[in-house]
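Quick heads-up: it's one chain on its own, the form predicted on its own, in structure tokens.
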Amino acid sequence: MFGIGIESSCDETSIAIVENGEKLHSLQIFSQIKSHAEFKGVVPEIASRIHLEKINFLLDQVLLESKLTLQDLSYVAVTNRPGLIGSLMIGANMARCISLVYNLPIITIDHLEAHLSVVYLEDEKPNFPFLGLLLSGGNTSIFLVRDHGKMELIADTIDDAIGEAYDKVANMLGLDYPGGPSVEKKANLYTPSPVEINPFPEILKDLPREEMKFSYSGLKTSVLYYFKKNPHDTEKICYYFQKTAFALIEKILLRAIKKTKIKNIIASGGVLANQTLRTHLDLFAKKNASNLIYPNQKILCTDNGAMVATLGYYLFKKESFSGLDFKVSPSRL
């Protein structure tokens, strides 16, 4: 069974074809990073225009690479939430056209759940229930996932997401956009002394033990004040920014494990392309006897059509179909 996945929720235009929810036949992604770099963030109007310019070309490319035609497909899956409304509409209209012309069922996809479903393309398949750790430019969240289409938010950021914090810190330090790769590169150049003290305070130090939240605005402010006094300590700042940011993830993830008694963890989202974070999470899982899975291919951590097509397969089996009049939304609800 072949299905196509269309992703256009933010600043990546992507289409993929997946077989039986586990074999990737073709994946095409057009990244808009260069178009948004001068603004140090995504400009919605620019994003939607580029989606419109590139999406038909990407469709042609996935069909060419996979050696399939639209008649060979069983379903069309498309991200319809959450995301930028104008961007979502581009993918939605393509899905409607394909559905109408080729009489294919439409499966609307939650972008966040799709990130957690992309691991089904890997060799190791997750078992339900699991904790879904989502770390991206717009999300720092933990979900309790009971089944495909059934997940509950149990921890979320109260301000900045971790990916957003990376971008803002990189901007402060004069580093390239997006901030994740440039900050990690600088951090890897720094070696602290054995007696060195982290210049940044622990995040949410006084958070009650029963609560699970994330916050990165305070860390961002601490970086700003330290940088003003120490403008040449870029590598040190990047090192301790990451160390402090990751410590909060580990603290809240451990609370989620203790509260739910679930030790199956799926981690995904664009920030999982960070190798330092992967190493931290691997050590965390080993220390806490947890089963951790994340996409081995870093390209699958970013926004992509493969994750949409994969989740689409499992929702197709549940006959979770939408009509041509489905809505797009900036939120999950």
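Residue numbers here begin at 1 and follow the sequence given. These figures come from a predicted structure and were not determined experimentally.
Below: the form predicted in complex with a small molecule, not depicted.
- Only one segment in the set 92-100, 67-75, 189-197, 165-173 has any non-hydrogen atom within 4.5 angstroms of the small molecule in the predicted bound form, and it is 165-173.
- Looking at Pro181, you'd find a heavy atom of it within 4.5 angstroms of the small molecule in the predicted bound form.
- A residue is said to contact a partner when one of its heavy atoms sits within 4.5 Å of a partner heavy atom; Ser141 fails this definition for the small molecule in the predicted bound form, lying far away.
- With a 4.5 Å cutoff on heavy atoms, His111 counts as touching the small molecule in the predicted bound form.
- In the predicted bound form, the small molecule sits within 4.5 Å of a heavy atom belonging to Cys301.
- The candidate site formed by Gly21, Glu122 and Ile266 is entirely out of contact with the small molecule in the predicted bound form, as no residue has a non-hydrogen atom within 4.5 angstroms of it.
- Only one of Val62, Leu281, Ala273, Ile293 comes within 4.5 Å of the small molecule in the predicted bound form through a heavy atom, and that residue is Ala273.
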